[in-house]
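Quick setup: one chain, the form predicted on its own, written in structure tokens, and binding and motion questions come after.
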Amino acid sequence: MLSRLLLATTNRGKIRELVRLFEGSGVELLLPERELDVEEKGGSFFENAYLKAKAYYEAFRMPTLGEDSGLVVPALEGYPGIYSSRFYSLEWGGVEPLEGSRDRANIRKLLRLMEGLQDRKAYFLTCAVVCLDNAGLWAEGRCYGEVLREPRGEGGFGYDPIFQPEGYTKSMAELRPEEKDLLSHRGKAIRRLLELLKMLK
């Protein structure tokens, strides 16, 4: 099994969760010396995760973990989807002014577009890709639930304050970190990826 993996991200929220999820796995996560400007031009979470993993692998020449995640809302034609991190800036649905953080702008836009909608079903999706010398591995995780009508909770990041997982009465941002890791899309993807990594000689 691999002993070290470079993370193809500088997103603090993702790094925090990934470090937790790899704890006790025997795999050391390394942060890149510099951030690369990788254009996420793929048409799927898998393609964007692969583009990031490949770019960092080629720059630093070591096994690299790339990950792409987002919130999919079927009632909004699948948006924010692969555009989740920059949803506020899309022409689709109208550009949302960037007042405060990007996360807050994204949430404001999503809630605005969902005003009056009864179908509030949604799911988080993560695709994680490991780029190796002559091969690659990937895994996917999903977490189903619904979009709340207003933000709740201070934990997590991204759309966590307005997402309530199936079977829970709390938002993702109201869950303890260990609770979130058990049911989250990222937790499911990384646990599956670790199973695959254990198969490597």
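Heads up: residue numbers just count along the shown sequence, starting at 1. All values reported here derive from a predicted model rather than from experimental measurement.
What comes next is about the form predicted together with a further copy of the same chain, which is not displayed.
Chemist: State yes or no: in the predicted complex, is some non-hydrogen atom of Tyr56 no more than 4.5 angstroms from a non-hydrogen atom of a further copy of the same chain?
Modeler: Although a further copy of the same chain is absent here, Tyr56 would stay clear of it in the predicted complex, with no heavy atoms inside 4.5 Å.
Chemist: So, in the predicted complex, is Asp133 in contact with a further copy of the same chain at a 4.5 angstroms heavy atom limit?
Modeler: Yes.
Chemist: Mark Phe157 yes when one of its heavy atoms lies within 4.5 Å of a heavy atom of a further copy of the same chain in the predicted complex, and no otherwise.
Modeler: No, no contact at 4.5 Å.
Chemist: So in the predicted complex, does any heavy atom of Glu146 sit within 4.5 Å of a further copy of the same chain?
Modeler: Outside the cut-off, so no.
Chemist: In the predicted complex, does each of Arg108, Glu150 and Glu174 have a heavy atom within 4.5 Å of a further copy of the same chain?
Modeler: The answer is no: none of the three residues contacts the partner (heavy atom, 4.5 Å cut-off).
Chemist: In terms of non-hydrogen atoms within 4.5 angstroms, which of the given stretches 136 to 144, 27 to 35, 158 to 166, 65 to 73 touches a further copy of the same chain in the predicted complex?
Modeler: Going by heavy atoms within 4.5 Å, the stretch is 136 to 144.
Chemist: What are the residues of 43 to 69, in order along the chain, with a heavy atom within 4.5 Å of a further copy of the same chain in the predicted complex?
Modeler: Going through 43 to 69 in order - heavy atoms within 4.5 Å of a further copy of the same chain in the predicted complex - the hits are Ser44, Phe46, Glu47, Tyr50, Lys54.
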